[in-house]
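To begin, one chain is listed below as structure tokens, in the form predicted on its own.
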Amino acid sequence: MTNTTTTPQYPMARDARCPFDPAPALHDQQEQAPLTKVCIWNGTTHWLVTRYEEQRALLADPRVSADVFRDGFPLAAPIVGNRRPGFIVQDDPEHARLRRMVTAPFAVKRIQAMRPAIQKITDDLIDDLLAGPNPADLVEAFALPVPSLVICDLLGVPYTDHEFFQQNSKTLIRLSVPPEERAAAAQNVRGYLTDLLAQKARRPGDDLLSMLVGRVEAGELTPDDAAGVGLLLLIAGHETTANMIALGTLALLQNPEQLALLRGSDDPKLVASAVEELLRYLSITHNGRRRVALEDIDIAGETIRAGEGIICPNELGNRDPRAFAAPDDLDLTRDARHHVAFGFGVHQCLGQPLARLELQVVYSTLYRRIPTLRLATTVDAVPFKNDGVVYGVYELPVAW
């Protein structure tokens, strides 16, 4: 194995002057080779996959595993206990079995039927924003409530409890938090969902948690599995979209020509294109899609041996000039639908139709209704999330 004293460390620090771009050292690695060895936090060495084509090939390869408990897996942080965080870190057939149970509510046609409700949530929150203090924190006043209200409605979780699960989710996704605290936060939300599932068993509703209760009663899921699925959907369903709303707004404010293009158009195709480009450009899940090889794999002139870890930073794949012309430019007219912001292969994000719809509604509404929206501080004063598995900003002071 490569000598870790001369092996680059991953993750690599971003340049504070270019907060939307991957770390410059990652770009250097990409130019040098499609695969290279890197050392992670626990001293182990793994394969860093730097280019788009190789990332997609490996993420779709059945010879790699997403199971974090397999020997050689490149963990992003220590694991406490032996409870699996969710089906996204399990392999088929168990991954496919659990995923199928929650696929129907995220079907594109059913998600599109939610557009009027999401539009109303967005408009109501903009009304509240305009009626409140100016300047305001866009994260607290708008970016976080929009997806939280939507996922609560979909799951059947009372929005009155949003502060509880939002606080615990913040703990869960921050890699700088001690593992014991992250495990406690996960248990807090699991316990909450277990109690809520019991309530749904007594009084079922037309929501996803009630559907999971039906699976439990049919013997297809254990109560613990149902709580785990609920935990995954609740946290992933609001954290990622909230960060895309806030970070996307900041990126657009820093690219006024692109913002003007979006604000001045009522073409749904341009709005959809803008969403795909912002997903590509920002790639907020920036801790790398991580896998471990089950067999020897020959790729790009290298051999990944069975048991060796693989890290595919999607923020780097989405900035590969071999896949996207001028990749460091934000271009809302670009056809970026082939990006890997949602991953690739069987483990790609289940909730992507919902995320796309929410972002389409928000990006086509917020800047038109508040055409004078501006940053109320300097970019270098904005607190970026450099310590978690989801990139974004902790707060975004705006004025109008």
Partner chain sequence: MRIVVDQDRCVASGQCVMAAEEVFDQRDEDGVAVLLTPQPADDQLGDVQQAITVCPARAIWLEPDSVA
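These numbers were taken from a predicted model, which means no experiment stands behind them. Positions refer to the first chain, counted from 1.
FYI, the form predicted in complex with the partner chain isn't displayed, but the following is about it.
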| query | Which single stretch, out of 103-111, 309-317, 125-133, 186-194, brings residue heavy atoms within 4.5 Å of the partner chain in the model of the complex? | reply | 103-111
| Distance check, Arg356 to the partner chain in the model of the complex, heavy atom within 4.5 Å | yes
| At the 4.5 Å heavy atom threshold, is Asp335 in contact with the partner chain in the model of the complex? | yes
| query | Is there a non-hydrogen atom of Gln352 within 4.5 angstroms of a non-hydrogen atom of the partner chain in the model of the complex? | reply | yes
| Does Trp47 reach the partner chain in the model of the complex if we count a contact as any heavy atom within 4.5 Å? | no
| task | Taking 4.5 Å between heavy atoms as the contact cutoff, choose which of His27, Arg56, Arg70, Lys37 touches the partner chain in the model of the complex. | result | Arg56
| request: Kindly confirm or deny that Arg115, Gln119 and Tyr363 each have some heavy atom within 4.5 angstroms of the partner chain in the model of the complex. | output: no
| Within 4.5 Å of the partner chain in the model of the complex: residues from 163-200 (heavy atom criterion) | none
